[in-house]
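The data below hold one chain only, encoded as structure tokens and taken in the form predicted alone.
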Amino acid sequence: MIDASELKDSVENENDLVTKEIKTKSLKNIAPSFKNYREEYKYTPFIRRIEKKFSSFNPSSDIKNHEEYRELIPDSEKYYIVIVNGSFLKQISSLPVEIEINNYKGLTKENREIFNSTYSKTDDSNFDIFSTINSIQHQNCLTFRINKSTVLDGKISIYNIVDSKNPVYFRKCFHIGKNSKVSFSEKFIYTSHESYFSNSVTEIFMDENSNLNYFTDQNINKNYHYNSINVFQKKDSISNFHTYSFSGAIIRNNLNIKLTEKNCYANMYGFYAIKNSSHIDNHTSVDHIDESSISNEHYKGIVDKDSNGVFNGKIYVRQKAQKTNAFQANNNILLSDSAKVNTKPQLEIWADDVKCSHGCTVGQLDEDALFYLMSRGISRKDATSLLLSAFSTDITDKIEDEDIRENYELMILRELEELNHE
């Protein structure tokens, strides 16, 4: 499946010197990152499943009429970025003037110097084979520069459109300046009922006292998707990540956060409600490197018949990271005997003055609560919907923006209606 010759061709055909250097380095990581695959993908047979569907890792760069893609964007969106098969379509995007958004290969010398310190410096290509392949095969990295003291109201939506039978690679790099605050909402849209494969790697550098909200929602039916988000936080920065997954042949989400300086705060929230043989795998990592930082992580899942949920959360507390406070939880409800969840919370602590906790639960709906609601004249279907909706509230309540929160609450209600209620 992994053809070294086609990966070498991608490196040799690269004209940009910096990008070529990144691809050359990543090519050397193929063997070591592949060694990690067996353990890191123990419950997610990604390569084996993709082998049956796709013959090559070679990327696609096909783009149809731009206006066809504009029609996929809701009229309600104020700011949005359109990326098709890995290519940024600036002419049909609506960009805020406060943020500089450009392809890496089109950056000025000044901006290149800024992104050279982060581009491919904080990703997980050293140990994840799919991130390594992305580093080799992506065509052009899309860069986001948020200058210091920028505060942007509302959100910027990122529409990643997949419109090719060949694998599609998305690459993004964010530099969020000191004292800035910004929100992004990322979606992946597949234009065909056929099975496609997309691979997305994102690097986010957060300067001192910056604040980021980042939302990702995934409802991709029988498609295959790999998504890796890698975050590097400096002093007093705050990040809030929300991941919502509802369907996919296989979805693998890597969320890796490094709290490199004092007083960093990271929140990681996830919710998945899956059906129809979907497979969702969430792997998270929080690395507390300096003292007095906080991480708070809570993922919840509802798994219907023939679907699989996987959660693996790692918390590292380095020796210097005294006075760390780290919380992690994963809770799951199984709606049928053929639903399955594999969950593994992990802690590795080298400091002694810390407060850390983790835990996981896997169970079924509370029959006593169902009986109580049904005894009050509520049908079993409606009673089940009420309990499942209440189960998701712990996650959606963490969304500060009222409009965004209501949007996800409605999205979850629609998906819960399609789950098994028998």
Partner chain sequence: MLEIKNLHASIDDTKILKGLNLSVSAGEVHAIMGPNGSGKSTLASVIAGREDYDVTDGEINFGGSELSDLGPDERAREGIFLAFQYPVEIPGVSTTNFMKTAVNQVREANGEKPLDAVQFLKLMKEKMKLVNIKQELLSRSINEGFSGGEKKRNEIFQMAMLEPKLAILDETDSGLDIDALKIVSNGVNALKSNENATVVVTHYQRLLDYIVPDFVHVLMDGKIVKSGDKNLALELEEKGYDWIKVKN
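Residue numbers count along the first chain shown, from 1. Remember, it's a predicted structure, so these values are computed and weren't measured experimentally.
Omitted here: the form predicted together with the partner chain. The next part is about that form.
**Asked** Should residue 39 be counted as a contact of the partner chain in the predicted bound form, where contact means heavy atoms within 4.5 Å?
**Response** Output for residue 39 is no: heavy atoms all beyond 4.5 Å of the partner chain.
**Prompt:** Can residue 67 be called a contact residue for the partner chain in the predicted bound form at 4.5 Å between heavy atoms?
**Reply:** Outside the cut-off, so no.
**Prompt:** Closest heavy atom of residue 51 to the partner chain in the predicted bound form, within 4.5 Å or not?
**Reply:** Heavy-atom contact with the partner chain at 4.5 Å: absent for residue 51.
**Asked** Is residue 393 close enough to touch the partner chain in the predicted bound form, meaning at least one heavy atom pair within 4.5 Å?
**Response** Residue-level check for residue 393: yes, a contact with the partner chain.
**Request:** Please name which of the stretches 42-50, 367-375, 24-32, 352-360 has residues with heavy atoms lying within 4.5 Å of the partner chain in the predicted bound form.
**Result:** Going through the listed ranges, the match is 367-375.
**Prompt:** Quick one: which residues from 379-416 get a non-hydrogen atom within 4.5 Å of the partner chain in the predicted bound form?
**Reply:** Going through 379-416 in order - heavy atoms within 4.5 Å of the partner chain in the predicted bound form - the hits are 379, 380, 382, 386, 387, 390, 393.
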